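Just one chain follows, in the form predicted alone, and it is written as structure tokens.
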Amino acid sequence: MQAIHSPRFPRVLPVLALAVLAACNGRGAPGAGAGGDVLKLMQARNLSEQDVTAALKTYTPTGRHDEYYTFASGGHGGNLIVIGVPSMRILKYIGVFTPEPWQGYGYGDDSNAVIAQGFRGGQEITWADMHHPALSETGGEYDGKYIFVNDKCNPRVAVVDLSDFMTKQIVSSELIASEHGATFVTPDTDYVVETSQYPAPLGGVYAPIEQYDEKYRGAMIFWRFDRQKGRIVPEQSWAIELPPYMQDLADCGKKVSDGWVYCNSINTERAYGGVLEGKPPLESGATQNDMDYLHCIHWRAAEAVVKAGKTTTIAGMRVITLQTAIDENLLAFVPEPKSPHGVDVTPDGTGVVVGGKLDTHTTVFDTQKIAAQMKEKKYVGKDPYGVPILDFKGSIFGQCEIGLGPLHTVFDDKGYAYTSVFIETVVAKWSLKDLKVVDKIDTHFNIGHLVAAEGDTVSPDGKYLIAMNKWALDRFAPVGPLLPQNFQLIDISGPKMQLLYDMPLPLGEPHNAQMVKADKLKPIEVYKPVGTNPFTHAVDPHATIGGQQRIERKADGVHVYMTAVRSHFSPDIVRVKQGDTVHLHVTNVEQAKDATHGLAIGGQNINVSLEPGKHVNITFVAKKAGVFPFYCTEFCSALHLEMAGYLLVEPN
């Protein structure tokens, strides 16, 4: 085969050429004409051998499924993004904290009540700042059952069931006013951890900012998760009061450190700004100290303290006070490099890797040294609130000189760690054994989090890594001043990292993600039996089957028992009077895969998704007299446009 010779085109190896041709013509043996076409195409598009190799590594033919799911936070969108790897195709956008029209989430059915669970202080909230998804775990391994997500601005935690990729619950506590260290799970998903970020008086009460030291506090909430029911149980949940530092990210111990949780903090200076009052800005005041504090919490011991009743109740939440946490030896601090962000437990549970944004190192803390010193109460001092402090050098395994601005770390199956370096804008690969960098790869631009295949578990896979970059800059076609984020897929299977793909993410600013083997998930294809309510996982009392369609006027309004099937609704004419409360009970009686219908009613802000076998309940008030067509919103058959009807609202 003819080779390409140019500065842009190094000699194309025969193996690569055969692979290209096989991918192009579907046969292992190339023909002369096909080979010439491929080489001409490479030249015409200015593609190098490296470009073609990257394309082959990500190309996923039609009908072939991805090896991994990546679940990425939706940032300001408040929803969850599902991405296939290595194809980097968006598979779904899951409605969580905010309405999502395609799924009918928050537009008339029972999902409205789920969203309302997240309203705080009587305030309707329909946006969120989602940051950190966490897959459920069993023995420190992803089990593919659930995923939990958080809202930084309006501290909330949601439960998404991965049997149908639907949000089933949102919980919130007025104990804290914001959060960032969420969500993180214990190795068997006993608890979902949520940690406050910006200190405030606990319980949502008021105190002047000048009383910051005395009245403002942080807290770490342990939301109890019932695996059998698939729900968080608020009445079995509890929290630990923390000093008024800005607690940041957290991670739970595993294997030898199971029973512990570690949390970063910033602003040990306790600065709170006030630029118009003659005080330094917060970011200046909060970066004076050389060290901040890594919080080390023995949550299993804390759980025993809760069971012993040594708590106080604030905003309906059982809270271990800061003094009780000190007295019971549940909490200790270790100095950590200033302005830390990432805190990531190694797969074997022996280390905690911390990246300090204003440092040039990653620091590996030794979980066993920390536990031993706390057990022996071998402390070198106390913070202003009486929390014991451990010796820094006596608590670490060592440090790796990594570059300016280390943030987050994930792991592979060969003993390497991968850290995002924000200011240098690279991913650094380094050895956990000897703490030396072995490779770096540029990213575009301003990398934040990163995710590797199963990289947060006790047995990472290696293979793939995604750099989650904050800026796109010159990567994609211009779309105005608000640009997408840029997810970059990187091959980490070999000694040198290779960039494979740039993917624009125009759905908010994603922060973190988790990547799980696709075969661990067992999503259902249809709801069985017909009439299943996805929020109860049982046949709904109002489920309707063929022959039982009807309209009944009752004391609480008009009840419409409706079915949807290709290609009609029954009934297709609904007559009510102005001011009536209308209860629609709609069942999709289909059992064929992907035979989804939708129901939208003009002028009522109602739009629901009816997957095969699904039942929904919709309640609204017919406030305005008139004629309101309703129709199926999912193309379902040749007579899809005829799948319609009328809501007739007679005037009083």
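Numbering starts at 1 and follows the sequence shown. In this text the structure is predicted, and so the values were computed from the model without any measurement.
The discussion below concerns the form predicted together with a further copy of the same chain, not included here.
- Proximity to a further copy of the same chain in the predicted complex, defined as a heavy atom within 4.5 Å, holds among L507, A301, A113, V380 only for L507.
- This chain appears without its partner; in the predicted complex, the one residue of Q399, S570, T312, S431 with a heavy atom within 4.5 Å of a further copy of the same chain is S570.
- Using a 4.5 angstroms threshold between heavy atoms, G557 stays clear of a further copy of the same chain in the predicted complex.
- Shown alone here, T53 lies within 4.5 Å of a further copy of the same chain in the predicted complex, counting heavy atoms only.
- Residue contact check for N617: none of its heavy atoms lie within 4.5 Å of a further copy of the same chain in the predicted complex.
- Although the partner is absent here, P86 sits close enough that one of its heavy atoms falls within 4.5 Å of a further copy of the same chain in the predicted complex.
- Contact with a further copy of the same chain in the predicted complex, defined as any heavy atom within 4.5 Å, is confined among 103 to 111, 231 to 239, 367 to 375, 411 to 419 to 103 to 111.
- In the predicted complex, a further copy of the same chain lies within 4.5 angstroms of at least one heavy atom of each of the following residues of 474 to 497: D474, R475, F476, A477, P478, V479, G480, P481, L482, L483, P484, Q485, Q488, in sequence order.
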